[in-house]
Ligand code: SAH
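Given next, in structure tokens, is a single chain: the form predicted on its own.
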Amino acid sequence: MNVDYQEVEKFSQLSQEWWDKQGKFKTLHDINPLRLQFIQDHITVKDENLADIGCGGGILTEALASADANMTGIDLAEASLAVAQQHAQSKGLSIEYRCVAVEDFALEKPEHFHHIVCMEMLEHVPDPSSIINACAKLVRPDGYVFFSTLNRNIKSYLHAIIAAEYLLKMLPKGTHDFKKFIAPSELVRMCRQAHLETVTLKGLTYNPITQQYAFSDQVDVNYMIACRKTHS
């Protein structure tokens, strides 16, 4: 399978911290409103079938479910899924969580979903193109697929690893592997090969003084991409 088991184990060990907004996943909680806004700027999620690929503890999954999307979340860390399911139940949200590889899921449910989200996941797998291809298979023609990841350059190394993991301690040490970061041009190319047409590229910036994230036209560190599936 296209999986780094050390990555799965790492997130499994942190599973009980998913919903601590001041804990190890604080960054995800902080950027979640922007992720949700980026998605809703492109699509209406109400009553649509969406899948969250690499959903972890369900932070984005729940936000979309709360916006009345019909949500399915998949991940390979069973401990994280257990936390996600328990938290969703505590909030009265109906979300289907599955422990399955996205490639297998795509074979099971081809063109089943109106839209797909896959955030902060591509930089944690051996072959991101395989994930992208599977997402393209899962989504219906003209549906949107949303990705977010980290650019690969010296600035992203300094910001996402040195500053975030070691200096500011915003993330656990070892969260990211610089070699797995993906340049926007590479991601656009992989999407195009999967018949996903790029619609929007948007960056995220962090202000250490205000401790807030904001959208940016600069995609040199964190960035998100919205794609639409073509008919080819």
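Bear in mind that the values here come from a model prediction, so they are computed numbers and not experimental data. Just count from 1 along the sequence shown to find any residue number.
From this point on, the text means the form predicted together with the named molecule, which you will not see here.
Engineer: Taking the named molecule as it sits in the predicted complex, is A63 in contact with it (heavy atom to heavy atom, 4.5 Å or less)?
Structural biologist: Answer no; every heavy atom of A63 is more than 4.5 Å from the named molecule in the predicted complex.
Engineer: Test of understanding: in the predicted complex, would A164 fall inside 4.5 Å of the named molecule by heavy atoms?
Structural biologist: Judged by the heavy-atom cut-off of 4.5 Å, A164 is well away from the named molecule in the predicted complex.
Engineer: Report whether the minimum heavy atom distance between V83 and the named molecule in the predicted complex is within 4.5 Å.
Structural biologist: Result no; V83 lies far from the named molecule in the predicted complex.
Engineer: Is L28 one of the residues lying within 4.5 Å of the named molecule in the predicted complex, judged by heavy atom distances?
Structural biologist: The answer is yes: L28 has a heavy atom within 4.5 Å of the named molecule.
Engineer: Looking at 54-62, 196-204, 40-48, 182-190, which stretch has residues with any non-hydrogen atom within 4.5 Å of the named molecule in the predicted complex?
Structural biologist: Heavy atoms within 4.5 Å of the named molecule in the predicted complex occur in 54-62.
Engineer: Just one of M119, I95, A79, A136 has a heavy atom within 4.5 Å of the named molecule in the predicted complex. Which one?
Structural biologist: Of the candidates M119, I95, A79, A136, M119 is the one lying within 4.5 Å of the named molecule in the predicted complex.
Engineer: Can all three of N2, F11 and R35 be found with a heavy atom no more than 4.5 Å from the named molecule in the predicted complex?
Structural biologist: Heavy-atom distance to the named molecule in the predicted complex: all three under 4.5 Å.
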